[in-house]
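Single chain ahead, by itself, as structure tokens, in the form predicted on its own.
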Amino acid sequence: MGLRGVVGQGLEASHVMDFAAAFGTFLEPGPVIIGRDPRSSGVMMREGVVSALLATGHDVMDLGIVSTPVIQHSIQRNNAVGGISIGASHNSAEWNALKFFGARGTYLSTAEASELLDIYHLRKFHFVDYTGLGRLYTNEAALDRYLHDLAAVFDLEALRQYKIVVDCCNGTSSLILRRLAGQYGLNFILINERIEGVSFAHEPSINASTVSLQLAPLMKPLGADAGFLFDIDSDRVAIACEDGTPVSEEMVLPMIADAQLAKGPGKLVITNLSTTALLEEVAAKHGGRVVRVPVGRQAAMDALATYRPEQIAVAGEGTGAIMMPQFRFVYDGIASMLAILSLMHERGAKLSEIVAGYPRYSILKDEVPLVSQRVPMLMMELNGLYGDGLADMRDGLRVSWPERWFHVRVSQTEPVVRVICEQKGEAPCALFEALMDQVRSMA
């Protein structure tokens, strides 16, 4: 649950203040933690968020420019009743967003998000008088405490052997990685590390195509062991191998699931309908099981609440956003990077060797602008055309066959229809192009 849009062209200051006031009304009494990414609109949005939260009686701890995972860790550490991250993750600089977290530091469940929306739409805000206004203060120790959490899980000393190239995409990861290198001696070579609010070095899309543009060509010349690309708020990551090969973002979750399932005790992998089918093979190898839910972090939170924490090995998306139980299920790209480096260390293998050890799946992704109201008709037509497959209509339409599937759905965050198609072995180009033509004709 969150607020997202292009600032000044859909996302306005009044929306920010009203949503923050609704969130302040929704929360139990207590402190709220906020932080933002470096986008230029973040200052304006921060002022609106702070004003609304103070007006609803909450003390506000402002962490400044930090990653979303640092905010979530801080909620847990400081016994806050919730938190707000101001930042639009993988979107370009004109976008911004509010992401809301509950007292556990995780995204809101579907029920919680519905309650928040009701308060927002009904404008039933609980403003206090001048005697009950909250206080605003800062906490400069949040990043160091976050690094302490990472060091408690990963053997950072063992990871010093690796030379790691990181494309920070002018976002928050550079702040974390410089501190991580200084305190624990990790060997990072950072590119696009300057914090930037208006013009990023490139689109912060976390995929193999973006990795191939700037990160992958540097691997061999720099003699690097691994390469990582982060989005602006460091909750997603993509990778490049030491030989300069860009790796699909879909591989991040299977690799981490492979490591987590082997360590136990959890045997469940929670993911969405749009994520690679390689996960089923990885889970089966360890006697595990994949639980698939609709796309969106609310659905993931609902699924996590269904099981005991010790039952779950890992949760995540094919976007490079992963949650591990060691960090109480926070999407964290930095932790994912350390998990992959740890996998290299434990197996004594190069990253390219680890990637090559998995069965090959080829996935194609694209999107079509949504301009019509005929989406229900589109889904019915596709369901009829591909009726020989197993249909799942919980989120758009997903149709699967042995070793092949596709998913067509309307995005929750942008006015587009997303089309994803995967096949074991070679890419399903003919099926993908047919789907794209059908979606273009009706979307």
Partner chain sequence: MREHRLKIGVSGIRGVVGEFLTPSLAASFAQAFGTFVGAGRVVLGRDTRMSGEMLQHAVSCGLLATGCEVVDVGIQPTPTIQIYVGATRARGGISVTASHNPAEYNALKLFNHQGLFFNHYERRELLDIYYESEFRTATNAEVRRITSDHETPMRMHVERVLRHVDVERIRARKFRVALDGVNGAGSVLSCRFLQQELGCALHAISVDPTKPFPREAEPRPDTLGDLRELVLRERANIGFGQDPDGDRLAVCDETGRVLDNDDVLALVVDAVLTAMPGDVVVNLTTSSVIDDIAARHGRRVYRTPVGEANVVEMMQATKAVIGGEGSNGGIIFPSVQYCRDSYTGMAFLLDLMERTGKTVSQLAQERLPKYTRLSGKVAFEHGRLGPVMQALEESFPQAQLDRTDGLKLVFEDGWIHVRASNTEPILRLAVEAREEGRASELRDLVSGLLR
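Residue numbers count along the first chain shown, from 1. Small disclaimer: the values here were computed from a predicted structure and weren't measured.
Quick note: we don't show the form predicted together with the partner chain, though the next part is all about it.
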property: Contact segment among 73 to 81, 193 to 201, 237 to 245, 151 to 159, judged by heavy atoms lying within 4.5 Å of the partner chain in the predicted complex; result: 193 to 201
property: 358, 127, 307, 184 - the one with a heavy atom within 4.5 Å of the partner chain in the predicted complex; result: 127
property: Site test, 13, 50 and 94 vs the partner chain in the predicted complex, non-hydrogen atom cutoff 4.5 Å; result: yes
property: Contact flag, residue 17 vs the partner chain in the predicted complex, heavy atom cut 4.5 Å; result: yes
property: Interface membership of residue 296, the partner chain in the predicted complex, 4.5 Å heavy atom rule; result: no
property: The partner chain contact in the predicted complex: residue 102, any heavy atom under 4.5 Å; result: no
property: Close approach of residue 218 to the partner chain in the predicted complex, 4.5 Å, heavy atom; result: no
property: In the predicted complex: members of 99 to 136 within 4.5 Å of the partner chain, any heavy atom; result: 127, 128, 129, 130, 131, 133, 134, 135, 136
